[in-house]
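Quick heads-up: it's one chain on its own, the form predicted on its own, in structure tokens.
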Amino acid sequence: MQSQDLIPSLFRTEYSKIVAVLSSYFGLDQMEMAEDIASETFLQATENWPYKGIPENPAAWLYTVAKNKAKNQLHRNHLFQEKISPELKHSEVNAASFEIDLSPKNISDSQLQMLFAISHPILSEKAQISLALQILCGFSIDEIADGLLSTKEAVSKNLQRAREKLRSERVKLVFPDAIDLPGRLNVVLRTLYLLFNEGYYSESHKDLIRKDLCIEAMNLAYLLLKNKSTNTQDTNALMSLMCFQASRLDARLSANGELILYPDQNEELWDTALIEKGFYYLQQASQWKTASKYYLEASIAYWHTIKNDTPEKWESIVKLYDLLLQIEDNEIAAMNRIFALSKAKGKTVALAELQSKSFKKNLFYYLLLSDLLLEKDKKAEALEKAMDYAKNDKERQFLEVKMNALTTS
């Protein structure tokens, strides 16, 4: 592999490790210094490797360079405090004795601490996701702005405010204690859930599916699963849900990038390895007696990987949606339940259910309405109304295909 291909790949996997471990030494208030050291380390790799060759162990090379840069930074800080500003308190980390521990366990622990810190409830959901993308996933400002349909200036200001909030509230880079852990873990899981969903169906991006976001959310969830304290039912259930949903990503878009709905997907494109992993994590989650939101969603996603299209399958899905809606009153889930009802009991029953509800009118509502209506002219009218709510070109193209198919049928 050439260095121009290897370095970006390593940046995705090793940048966050270096930042997390250095931040655990310097403190969260010095996170920018840790990020600068990590960035300078990769810059040195881009300058050296094309000419001197790729090291035998590239990750170890990066860790060594990062450690040396950290020691140099500590030495500079010490000189500044000694000669220029002696009244300031000296750093508690001594350059001479400083040793960066980049063992797998310390890396994992440091990343987990960082994940909890940047998912702190004092931050907005957008700020949590932006920080996760930048610090733990190695995304640039441009990539975050592109992924969240924002400007570089807005993302930079949002990140700056979030970092300042963490500093002003003196948030520590520590693992939550036993009392705080359940509530804090819920916030972390919610952040990963939103991050995955943004990748699974992105209304705000030119690409409807962002597989990179889905992968990063799954990688972060795996960090939680490796720790005994955070290996809970919800963590296993969320990973199960992600695996099941990710297994069908390649079948959800046509060669032209157009959305393909579940009934029209090519099942040969489903990833059976991910389905098996999803089933494994669902079994792990079933060891707990309660039925949480993530467990029910994962169970629904599991049934969608069953290829037969029998009424019994859809009746099981309807029952799971009934339980889910008792936990969380969500309009998208309620509309998905009605779709499942149409497969179990027929479109007439499902249409009556849809029309008896006061749903917010949006693209998905009119798309479902068009599917349930029997008269061609009314189906076309519903699709035309759906077009008013399309948020990007991909959605408009999808609806145009549906309207053309209806016209020619």
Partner chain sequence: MKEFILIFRHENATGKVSPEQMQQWMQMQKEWVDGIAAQNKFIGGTGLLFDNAKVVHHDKTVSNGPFGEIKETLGGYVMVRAESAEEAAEFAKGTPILMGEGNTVEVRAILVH
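Given the structure is predicted, the values throughout are model-derived calculations rather than measurements. In this text, the rigid core denotes the largest set of C-alpha atoms whose superposition between the two forms falls within 1.5 Å. Residue numbers count along the first chain shown, from 1.
There is also a form predicted in complex with the partner chain; it is not shown, and the following applies to it.
The shortest heavy atom separation between Phe11 and the partner chain in the predicted complex is within 4.5 Å. Of the heavy atoms in Gln355, none are within 4.5 Å of the partner chain in the predicted complex. In the predicted complex, at least one heavy atom of Gln4 sits within 4.5 Å of the partner chain. The partner chain in the predicted complex comes within 4.5 Å of a heavy atom belonging to Lys52. Only one of 26-34, 366-374, 342-350, 39-47 lies within 4.5 Å of the partner chain in the predicted complex by heavy atoms, and it is 39-47. Residue in contact with the partner chain in the predicted complex (any heavy atom within 4.5 Å), chosen from Lys319, Arg76, Lys126, Lys211: Arg76. Once both forms are overlaid on the rigid core, the distance between the two CA positions of Lys71 between the shown form and the other one is 2 angstroms or more.
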